[in-house]
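One protein chain, two forms: both are listed below as structure tokens, the first as structure 1 and the second as structure 2.
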Structure 1
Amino acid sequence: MATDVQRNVARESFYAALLDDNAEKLYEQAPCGYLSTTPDGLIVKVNQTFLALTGYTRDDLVGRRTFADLLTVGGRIYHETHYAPMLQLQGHAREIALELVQADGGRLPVLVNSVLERLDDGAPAVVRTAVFDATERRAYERELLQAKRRAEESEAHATDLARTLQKTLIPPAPPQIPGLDIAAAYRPAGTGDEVGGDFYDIFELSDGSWVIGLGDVRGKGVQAAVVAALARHTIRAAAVRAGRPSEVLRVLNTVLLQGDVDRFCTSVVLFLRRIDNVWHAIVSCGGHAPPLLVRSQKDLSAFGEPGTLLGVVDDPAVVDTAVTFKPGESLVLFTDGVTEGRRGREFFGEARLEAAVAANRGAAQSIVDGVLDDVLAFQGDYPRDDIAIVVVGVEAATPAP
């Protein structure tokens, strides 16, 4: 319980503070710098706190300097291009971060609020500005900014790494093969910032036949890319000794099972041999969609058996399917980023793929471009999965080698 004496003391100090805190002190000793300027910015009145913060005397400022004069040059540009227009347009500007140049040339980080007061006829009368010392806050914000920049740099670095890694999964450009017309496209998922697991390769063997390998390692990211690189190089190495595509896939299966990789992959390998001026194609698939054989505008069919996924069982069911590959015909190899391209719950699917191929039949490049455009458009230009397409066609007039 408060005694009467205690109550009297409290009441007396309340009145003393009330009497002491007159308008003059409220202005001069306010816990923020305070200044009034003409609408053009010329300082007409300034409080003691502002003078203490900046080190100027009242005579230095009043009637002589504009508020913008006290800013750094960069801050002055910001003032002219943002602060002043904002003040004119909406009558106030809040929480603007600026630096004041102090009398001794030092810089004081401040947060500034301003209001523009207008006359009855709407003409601007006076700008009142409160200035808060923001030294510590700004130091902290700078640290935040630096952390943000570092994060952005790491992100850029990671993206760069992903793109570099991605380049090792595909040849720089499809080779020129006499008698064949080859084109390919690769489009990473999303914005392409993350490396994916699709790969393809086109190379020649010493006996003059050609090999096309294309595949998809499940998942995304560096782990998937490492496996994709392994798969690509295994196909290259195995093709040298293997007599047919299914043997290549068996070697790849063994490598995936033996290696310290916890990923499986799908792949299609195609051998192209020219015997007596006629091209023969042999295909084998390991859990992969068979290529599309395009014989004519209306004759499009899957060529080969899907086979089993690689890197799962010891003895995968992979078979070879052979076909005579005639002038004017094309083979379309693709990853599931094409057929499983999604719009909501709907897949792009085989029918759309066939339609895109039929509509763009002719040069290999035109088929590749047509399919890629359609798949991307179907997904609103934002593919959820990597897309790889290789098209090979036999040129109409095949000269003898």
Structure 2
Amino acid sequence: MATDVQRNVARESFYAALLDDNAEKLYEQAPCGYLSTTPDGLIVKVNQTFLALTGYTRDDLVGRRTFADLLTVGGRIYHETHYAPMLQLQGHAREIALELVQADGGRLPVLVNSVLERLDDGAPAVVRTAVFDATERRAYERELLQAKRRAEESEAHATDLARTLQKTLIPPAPPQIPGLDIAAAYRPAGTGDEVGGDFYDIFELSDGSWVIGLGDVRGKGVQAAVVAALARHTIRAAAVRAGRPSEVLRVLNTVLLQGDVDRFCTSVVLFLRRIDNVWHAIVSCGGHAPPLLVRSQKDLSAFGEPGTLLGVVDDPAVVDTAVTFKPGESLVLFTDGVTEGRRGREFFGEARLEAAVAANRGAAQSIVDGVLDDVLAFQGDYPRDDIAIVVVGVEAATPAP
């Protein structure tokens, strides 16, 4: 009869054999490929999972091929220049993306983790490598790249459309009006290629009077440009029937409230009419800074009332303010990209605007250029908001010869 010692020895031997068998099965049937190579890359051991992934047999690989032999041309170059040196220096390499050339010539995307084991004296002994099938991950990455590319193309297309649309919001050049001196400028925010919501327009009515409209749609991008186009064309259409600027702004307010987009804007509309060789101006503002009336270098003042923001309430407070426009006098219309231009926490402000106008008083173009240059310089030539400026002045009478 077996003694207890003999039974314990037999039991330990059974479990040791079972564990060895399970360990071998785990190695062979692991969810990733395993292979062991000599320090110079010669394959000395490989598991069944790796063989199944690549289509090779053990006789094809063990003692015959190096790990680098199984890589694509680009992979072999990367192996020699990065992968192998990394192993020597760090003793490991993790999540290296490579492609294995399979037995049938196909390519298998894989992620590779390797560890370099050394002898007691520090000499390299064996490289153990785990190989993970990255086919689905690579396909997912390609889908992400394609989706990113499609999104970028769509965004670029939308931006091109918005820029094209925005060009229609800005007249190519102010019209030539006998007796008046007109100049204008528009500068988008940022580097100059962003799409914004500022607009201006100058056009003639059938009775010979002229209309200047200028405004600022809140926000940036395609939607702001669309609303700016809507506002500009609404001002044109409403001015044909309206007798006063305030009526134009009320029509614009109604259109914005009925629109599908949740946007509001500020706007200023100026009517100019010549009667008996004298220019008369009527201005109305909807939530917009009143124009600056320049009578002389020292006589500058706001002309009109700011009024109520458009596209917010049903009955905005907009009033008309009239003035007789004398030779040598000017009106400066501007969006808040001028006065609210920032340098840190400091605004350009009304005082700097008045100083720029006073310093460049004279021709309309001189005022526009001087104000724009000062605002851009104040912000380091990187405006945080769009800038639109329109200056209209009555030409001084030419003295008789």
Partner chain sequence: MSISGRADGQPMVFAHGFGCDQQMWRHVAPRFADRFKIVLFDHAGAGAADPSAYDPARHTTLQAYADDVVRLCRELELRDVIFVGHSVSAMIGGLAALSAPELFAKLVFVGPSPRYINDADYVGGFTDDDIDELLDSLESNYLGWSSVMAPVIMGNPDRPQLGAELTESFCRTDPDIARRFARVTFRSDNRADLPRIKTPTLVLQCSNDAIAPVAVGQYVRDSMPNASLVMLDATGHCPNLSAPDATAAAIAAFVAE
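Just so we're clear, the structure is a prediction, and the values are computed from it rather than from any experiment. By convention here, residues take numbers in order along the sequence of structure 1, the first being 1. Throughout, rigid core stands for the largest set of C-alpha atoms superposing within 1.5 Å between the two forms.
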- 1 or 2: which is the form predicted alone? 2
- Hinge of the chain between structure 1 and structure 2, where one rigid part gives way to the other, from I177, G91, A151, Q29: A151
- Note on the structure: C-alpha based rigid-body angle between structure 1 and structure 2, smaller part relative to larger, in degrees, is 41
- Query: Keeping the rigid core fixed, what distance in angstrom separates the two C-alpha positions of V127 between structure 1 and structure 2?
  - Reply: 28.7
